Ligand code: RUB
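Shown here is one chain on its own, the form predicted on its own, set out as structure tokens.
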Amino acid sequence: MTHSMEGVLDTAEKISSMEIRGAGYIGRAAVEALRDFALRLDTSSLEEFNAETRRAAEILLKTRPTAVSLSNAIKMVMRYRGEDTESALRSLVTNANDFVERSLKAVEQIGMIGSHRIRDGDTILTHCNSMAALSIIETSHRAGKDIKVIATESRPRYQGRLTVKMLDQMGIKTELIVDSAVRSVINEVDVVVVGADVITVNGSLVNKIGTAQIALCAHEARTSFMVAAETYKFSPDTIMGELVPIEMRSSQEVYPDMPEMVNVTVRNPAFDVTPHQYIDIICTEAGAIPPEMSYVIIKEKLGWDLEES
């Protein structure tokens, strides 16, 4: 029996093309697509149910190789249990709904925890478009702190334009700069706040391309560098020695109307790695930790995955 993968394929395409972007959004969208697919499955065979949900999970997993939020989210859902189709479906749906609820709540908790480190009068620099980072900024603003934000364009996909729109709607004074202007403004900045795509076992950060250069500038200027990351963005695979794959994207994103040239190619990595030495603090829903404590988060919050590894 063949089951329609239309919803799964549609979500996979939107994640791959970055119509759905942001690690949290990606994780939630994938989980919801997997849950809805399972609910539509018309089979009484547990073996077929398992095979079909695995097939759907694999399609979603291949969309963004770097985003550990995606793999962690899908693994959490696929840890369903059941001795028959009905109980397996019930378990899968519960797992999916729990992840979505936990993910949304985590952003709110990170906002509260991170805002304690923002002072009245601070200028904050942010990069890309992170809901967790924006939660810290918005919570600080709502607490009555007089803050200003400098946001990078975040080329080549310009996620920074989305960030400044959101900050404007929050009523926060914001300045948009090109990515290469960070060094020029860093001495005006009190704290850098960025999100995360992956946190490795040694506390290094994999995030939107350009993050590592900002961290280097902040380190030189002795400016505090804060990461906002839900615990499901920590990578259990890195505990086993796995390296985080860095996604390479289309040259069209960088040079849309590129003429034919014999000697020129375009390299377009979507992410870079910021060494843990440049990170002051990582704000998670479980608390603010130094990067060196990443192993503890992986072990205590994602210990289930270590057994599978």
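Note that residue numbering begins at 1 and tracks the sequence as displayed. Keep in mind it's a predicted model, so treat the numbers as computed, not measured.
Although it is not shown, the form predicted together with ligand RUB is what the next lines describe.
Residues of just one listed stretch (294 to 302, 281 to 289, 6 to 14, 21 to 29) have heavy atoms within 4.5 Å of ligand RUB in the predicted complex: 21 to 29.
Site residues Q159, A196 and N207 are all in contact with ligand RUB in the predicted complex, judged by any heavy atom within 4.5 Å. Of the candidates A132, A151, V189, A215, A132 is the one whose heavy atoms come within 4.5 Å of ligand RUB in the predicted complex; the others do not.
Ligand RUB is not drawn, but in the predicted complex it has no heavy atom within 4.5 Å of L125.
Among residues of the shown chain, F37 is not one whose heavy atoms approach ligand RUB to within 4.5 Å in the predicted complex. Taking ligand RUB as it sits in the predicted complex, the stretch 41 to 76 comes within 4.5 angstroms of it through a non-hydrogen atom at just one residue, R64.
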